[in-house]
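In structure tokens, one chain follows: the form predicted alone.
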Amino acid sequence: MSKLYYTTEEKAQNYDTTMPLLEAMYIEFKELSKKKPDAAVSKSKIKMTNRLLGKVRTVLEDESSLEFLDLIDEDDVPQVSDVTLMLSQYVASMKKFKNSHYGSYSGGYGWVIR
């Protein structure tokens, strides 16, 4: 078992809200990537993705992985495979966040909130 660290109530709530959405979006892009990895992503999908990633970034703001996570450049036209790769990095970082701040402590089980 790894050592647990404190987080805030706000980050824990943001995690609980955004992680299911992030995983659903990742699965959708992953499926699209299997069919047409070179297809261009529409501007509306980029906006929706960046809106979610912006909220996810507030959860990860104190994590060392954040420096490796970018938003999608709205001026570029990324390929589906590019977005899939970016989302996989966000999912991995969010899972690491949960492993660091959620678990059994003080006779209970849950987020380690300060």
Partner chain sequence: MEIIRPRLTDHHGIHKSQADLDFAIQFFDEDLPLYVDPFLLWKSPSQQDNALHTTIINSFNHLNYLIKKKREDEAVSLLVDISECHEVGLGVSQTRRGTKISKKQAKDILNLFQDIPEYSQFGFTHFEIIQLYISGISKDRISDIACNYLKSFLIDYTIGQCEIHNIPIEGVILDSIYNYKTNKLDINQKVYLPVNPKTKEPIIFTPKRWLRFNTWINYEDYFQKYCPRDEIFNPNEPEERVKVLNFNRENYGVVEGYIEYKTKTIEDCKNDPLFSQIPILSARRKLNQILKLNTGKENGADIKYEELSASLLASLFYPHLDFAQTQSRTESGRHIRDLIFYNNRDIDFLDEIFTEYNNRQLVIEMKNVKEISRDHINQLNRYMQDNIGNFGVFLTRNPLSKAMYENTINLWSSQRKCIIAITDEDLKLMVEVYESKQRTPIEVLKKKYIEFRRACPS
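Quantities reported herein were computed from a predicted structural model and do not represent experimental measurements. Positions refer to the first chain, counted from 1.
Form predicted in complex with its partner chain: not shown, discussed below.
Colleague: Would R57 count as touching its partner chain in the model of the complex under a 4.5 Å heavy atom rule?
Modeller: Looking in the model of the complex, residue contacts with its partner chain do not include R57, since no heavy atom lies within 4.5 Å.
Colleague: Answer for K30 alone: is it within 4.5 Å of its partner chain in the model of the complex, judged on heavy atom distances?
Modeller: It does not: once its partner chain is placed as it appears in the model of the complex, K30 has no heavy atom within 4.5 Å of it.
Colleague: According to a 4.5 angstroms non-hydrogen atom cut-off, is L71 in contact with its partner chain in the model of the complex?
Modeller: No, no contact at 4.5 Å.
Colleague: Can any non-hydrogen atom of L53 be found within 4.5 angstroms of its partner chain in the model of the complex?
Modeller: Contact with its partner chain, no.
Colleague: So which of V77, L85, L66, M48 reaches within 4.5 angstroms of its partner chain in the model of the complex, heavy atom to heavy atom?
Modeller: It is V77 that has a heavy atom within 4.5 Å of the partner.
Colleague: Scan 27-49 and note down the residues that get a heavy atom within 4.5 Å of its partner chain in the model of the complex; none is a fine answer too.
Modeller: Heavy-atom contacts to its partner chain in the model of the complex: K36, D38, A39, A40, V41, S42, K43, K45, I46.
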